[in-house]
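One chain comes next, on its own, written out as structure tokens in the form predicted on its own.
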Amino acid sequence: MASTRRMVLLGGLGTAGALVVGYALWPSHRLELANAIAAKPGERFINNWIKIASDDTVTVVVPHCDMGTGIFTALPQMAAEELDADWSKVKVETAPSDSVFANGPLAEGFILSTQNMNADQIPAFLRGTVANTFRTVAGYMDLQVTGGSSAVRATGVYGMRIAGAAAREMLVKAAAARWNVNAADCTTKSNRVLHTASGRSFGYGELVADAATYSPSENPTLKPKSQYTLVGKSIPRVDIPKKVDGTTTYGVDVTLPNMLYAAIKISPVFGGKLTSVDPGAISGRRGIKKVVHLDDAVVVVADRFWRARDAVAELNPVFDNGANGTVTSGQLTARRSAALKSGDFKKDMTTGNGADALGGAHLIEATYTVPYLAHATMEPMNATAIFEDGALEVWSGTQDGLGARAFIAKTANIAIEKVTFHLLPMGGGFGRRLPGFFNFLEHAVRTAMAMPGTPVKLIYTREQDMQHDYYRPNVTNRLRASVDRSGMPSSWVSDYTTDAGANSEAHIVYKVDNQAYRTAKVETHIPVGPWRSVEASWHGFFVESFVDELAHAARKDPLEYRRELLAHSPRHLATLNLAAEKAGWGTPLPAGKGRGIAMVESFGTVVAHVADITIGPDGALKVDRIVSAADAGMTVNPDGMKAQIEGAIIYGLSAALNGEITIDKGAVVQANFPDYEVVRLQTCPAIEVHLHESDAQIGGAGEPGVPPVAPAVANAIFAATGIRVRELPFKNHNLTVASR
């Protein structure tokens, strides 16, 4: 294909670094660095993500964190598939938090996906340069992020598959050279290179030293799907055994010699500064070592965590709350309503005649709202740090090891070379532990620096964690549609509030000729951040609820209505139909029960949910069953994919039923799980997940299951009661039929 201007620009950027021909090739000095940093005796790196030992063990080095998503199985599957590795000899390790292991494939996958491109559209002569560009950019940006359901669809597709295929070719070349035969006459299987004609073979471990001297192809041959033996199989997750037997070390488990513990009390009002604190109330208490004053908090350090926790709770620090000490949730909601009424919008996207097409037809309008939400990870925020001789060593679970290391260096005002960061598994992330949201790391580092030479583990209590999160935004959306005589929409207008910019997830997949999306920015003092499925988590509720409203206004079955709107999109239609078929859509339900459907595409994956619910005589809502269908293009590990959809359903249902963070006097009201209920065993519905594949690019797994949950349940509530819920959570609504 001809070079596009975009790809010429990307190729030009590569001239800033050394030209690298071939995705997986590192200059020899980088391989030496990798071997020095992460190769054990008898191991050798053959390229950026794969090392091979003399006993034929293949170790895949994963540039992501482990937060329970299954990628430490799926990514090695992808690499081992292309390498023709024996799975019983494959191991996995977390990449060190070093720029040598910066995740260029993640940058490449993200950029190409946002431009609706794939690697095949990059001209062959630019592929090596472009790949080097992304690796250079990733190193400059300290990029090892885990988020956005990007591990498999970016690192896997643009990194692991290429690395495995390139390594296999290098091993074949090394064997062919030893035998003095044509490489095309050699094959690979189960960690061996075979020369069938002569019956000779070499194990990978015998060849790795020679193979590492070859330059890998810039476009290695990838296996056709028909030859897969590992990808597409439900291989048991490699991380599960240690998590079951309790030997996995999370951040909260870290124990060091002579370690002390720290508990913190942060300004209740976001942005508040510590003015003063009198430590007299805890003076002379057993085990108390120090009271540390930080910019926005006070910390007590003790020989036991419970002593530190109890002591800091008795302190009465004074904070300067500025102008935010009287802010309430009601005021924030009023600001958003006023912003939508003002008409002062910034254009997001327009198709056809946009908002002008609203006139002259039957108009349907509805306004929806979602609240702030906390991440509520099972493992509260924590970090252990020791500051000694001008250097820092830190242990913590974050969603970006290299980014955390850079943040620590900046916080301490020391060179990054003086920071050692140990990236640990974490008990939940959901966006909370991403770069930009490292308040817990800053507090831990500054506390450790106040006690040089002593390791200090700082743990947020559940209350401090829930009340000092970076929350899923509170968003209001006014949707309007004009419909023709058959009830089908001819225009769709979406005006919504944002804390930042426009949300691409607001754009619908349904066929409507005239569309307009506009935003009204509302700034508040509440810190916000990405929450599992990010913008799709609220726009999924808005869009799928409103489509349901249009269907009922047209007196049409909600499934049939969606089918008409998706006639142009066979992939979405197939996913919708699969969910409906498996759920028994159209079969009669007894009184008090309802069934609702919703379908959302996010992170490259299409997911449809059908929810069956029961409304008791007292209006109590019980979600009985959720049947899901998902199309992620190609599924690497079906069992892992199903587990992620199941987890996303539970996470999304917790938020839809009960999730709500409210503000009073500038501070968060909710403090712990009694105030912020989540789905438990007795309230968890039966869940069925059905997968099917298409020829679409590989999509994400961890997040796409969340967005359809709330609208599927809301639509089921309407089917059962005639009550339309337009503001979450459901717990705030009277669902008794008599209340209509």
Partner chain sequence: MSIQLKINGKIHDLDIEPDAPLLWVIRDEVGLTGTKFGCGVAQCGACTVHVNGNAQRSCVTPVSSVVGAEITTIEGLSANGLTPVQQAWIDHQVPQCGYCQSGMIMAVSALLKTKPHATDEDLASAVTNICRCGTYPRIRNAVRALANEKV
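Keep in mind that what you see is a predicted model, and the values were worked out from it rather than measured. Residue numbers count along the first chain shown, from 1.
Note that the form predicted together with its partner chain isn't included here; everything after this is about it.
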item: Its partner chain in the model of the complex: contacting segment from 181 to 189, 254 to 262, 397 to 405, 497 to 505, heavy atom within 4.5 Å; value: 254 to 262
item: Triplet Val509, Gly540 and Ser545 all within 4.5 Å of its partner chain in the model of the complex via a heavy atom; value: no
item: Position in contact with its partner chain when the complex is considered in the model of the complex, options Arg478, His195, Arg237, Arg336, heavy atoms within 4.5 Å; value: Arg237
item: Residue among Lys418, Arg462, His362, Lys521 with a heavy atom within 4.5 Å of its partner chain in the model of the complex; value: Arg462
item: Ala374, heavy atom within 4.5 angstroms of its partner chain in the model of the complex; value: yes
item: Contact flag, Asp639 vs its partner chain in the model of the complex, heavy atom cut 4.5 Å; value: yes
item: Contact of Ile650 with its partner chain in the model of the complex (heavy atom, 4.5 Å); value: yes
item: In the model of the complex, Asp618 touching its partner chain (heavy atom, 4.5 Å); value: no
item: Neighbours of its partner chain in the model of the complex among 242 to 276 [non-hydrogen atom within 4.5 angstroms]; value: Lys243, Val244, Asp245, Gly246, Thr248, Tyr250, Val252, Asp253, Thr255, Tyr261
